[in-house]
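Read on for two forms of one protein chain; each stands alone as structure tokens, with the labels structure 1 and structure 2.
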Structure 1
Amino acid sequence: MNLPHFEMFCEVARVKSFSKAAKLLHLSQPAISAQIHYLEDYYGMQLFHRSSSGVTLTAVGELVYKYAKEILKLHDELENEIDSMLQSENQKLIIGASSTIGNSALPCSIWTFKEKYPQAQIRLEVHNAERITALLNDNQLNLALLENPVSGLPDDLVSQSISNDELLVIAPPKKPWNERTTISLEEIKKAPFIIRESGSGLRQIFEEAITSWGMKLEDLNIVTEMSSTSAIKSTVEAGLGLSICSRIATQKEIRTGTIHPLTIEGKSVKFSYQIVYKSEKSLNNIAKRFIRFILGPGAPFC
């Protein structure tokens, strides 16, 4: 019986679904299925009632749930107590992040992390992928969050995938764009376009995508290069052109209606975010905790 079992179990009990829990835990649904079966076998009792609309706890399941939560809480407490025994030097966590992720999803995750580990002294450095990589190499960061693929990542850096995202074309919420959900490559070529500066991870992903479609950057009508995602979003909102952005990074603007997202006809540009660090050994405790947290279910990519 392992703590990850309990975490899976609690997550399933909470969301009442194997498949939803799987998503939240960055696992496949059969993985959850198998481990819950293992638990049921271990305790010799059915823990969930299955139905086509999800699962519910059995009486024994409720009991296990109660204890599992308690055990996980105890273990959390243990980790916090260990942290409080650390020197203050070891409580420092300097996180690097590219603009895309550092300005949107990450601050919220850091907030949640900080709630769980209040003694952590966190600093967030937001720069483009190129600069973040340099800082990482220079030991000025404990770890970094970047888009993937990022070319030019030295081999001696370790990286783990944490989440998936896709590139969207962003437009002002006005005619003609607000009446459409897609845009063709030809239209992209003609429209005034704003892109990130060279060295940006997002720009690199975009460049690779259009290359694979047989186009070049020069085919576009690029009106400006900007080194800030927020600046680009403001420019697009103002109706001065189109640009590209990640879905997660524009979530808020899409929700509030200040930006209108478009997908490219017949194409989709998927990419992932990676957590990158020099080596397992180079990590201090807080950094290890942060990685576990980010890979775990508690990290809200919001």
Structure 2
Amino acid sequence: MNLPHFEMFCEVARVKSFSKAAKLLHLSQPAISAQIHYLEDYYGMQLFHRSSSGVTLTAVGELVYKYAKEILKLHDELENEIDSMLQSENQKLIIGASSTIGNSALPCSIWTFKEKYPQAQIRLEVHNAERITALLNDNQLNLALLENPVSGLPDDLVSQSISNDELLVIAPPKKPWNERTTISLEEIKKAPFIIRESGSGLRQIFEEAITSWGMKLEDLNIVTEMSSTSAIKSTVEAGLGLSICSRIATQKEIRTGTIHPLTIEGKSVKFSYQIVYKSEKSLNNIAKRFIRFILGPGAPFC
């Protein structure tokens, strides 16, 4: 029995659905079900009534929910009191992130973390993956978040997967693209194409993918290179070409309809984000908490 069990249980109870909780926690539904079964075995009682419309708490489940929320609240209060006793050096955290994640989902996660740990003094460094890797190697960062694969890291660093994503072709929301969901490799070759700069993790992932399909960057009609994901999205929105971007970095634009996402016919480019750091012994208190937070059962990114 540990705190993540209670966190997961409380989320299921809150949304009244295993599948909704699984989606919010970025877990599979079988994983959620297994954890709830573990709790029910531990207490020897059924905690949820199951039905086709969702789940509701049993009488025992209501009791466990009451105490679980209190336990989680008391643990947060304990950590905040410990924080107030620590020296300020233990509260400083320098996080490095590649542009893809650092300019989109991560700031919201840091805000959520700061709400939970208000004593934390956090600085976020956003550069391309190559630059972040160099800063990490030079001990100028406590930890970093990068796209996988992470190359050029020394053997003494720990790398753990925190979330999955996919590479999309992004297009302006107009004909012919807004009437379609896919694009062929031949169409990609012919269209004006905007690419991230050399050293970008996203560019590395894209290059490796097209190489495996028998293509090279030189086969594309590249009109410009840009070092900013925001600049690329603005250029695509203006109708000046196509580009590639991660789904997580374009979720706002896709939702508002200012960018139209396309997948490549018969192809899929999946990748994960990694949190990279030195051994836990080298981390200060707040860095350890951030790692636990980002690896926890809650959604790592907003």
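Residues are numbered by position in structure 1's sequence, first residue being 1. In this text the structure is predicted, and so the values were computed from the model without any measurement. C-alpha atoms forming the largest set that superposes within 1.5 Å between two forms make up the rigid core.
Comparing the two isolated chains, structure 2 is the one taken from the form predicted alone; structure 1 is not. Core-superposed comparison between structure 1 and structure 2: CA of S19 displaced by 2 Å or more. Relative to the superposed core, K66 undergoes a Cα shift smaller than 2 Å between structure 1 and structure 2.
The Cα position of L262 differs by less than 2 Å between structure 1 and structure 2 after fitting on the rigid core.
On rigid-core superposition between structure 1 and structure 2, the C-alpha of R50 is found to move 2.6 angstrom.
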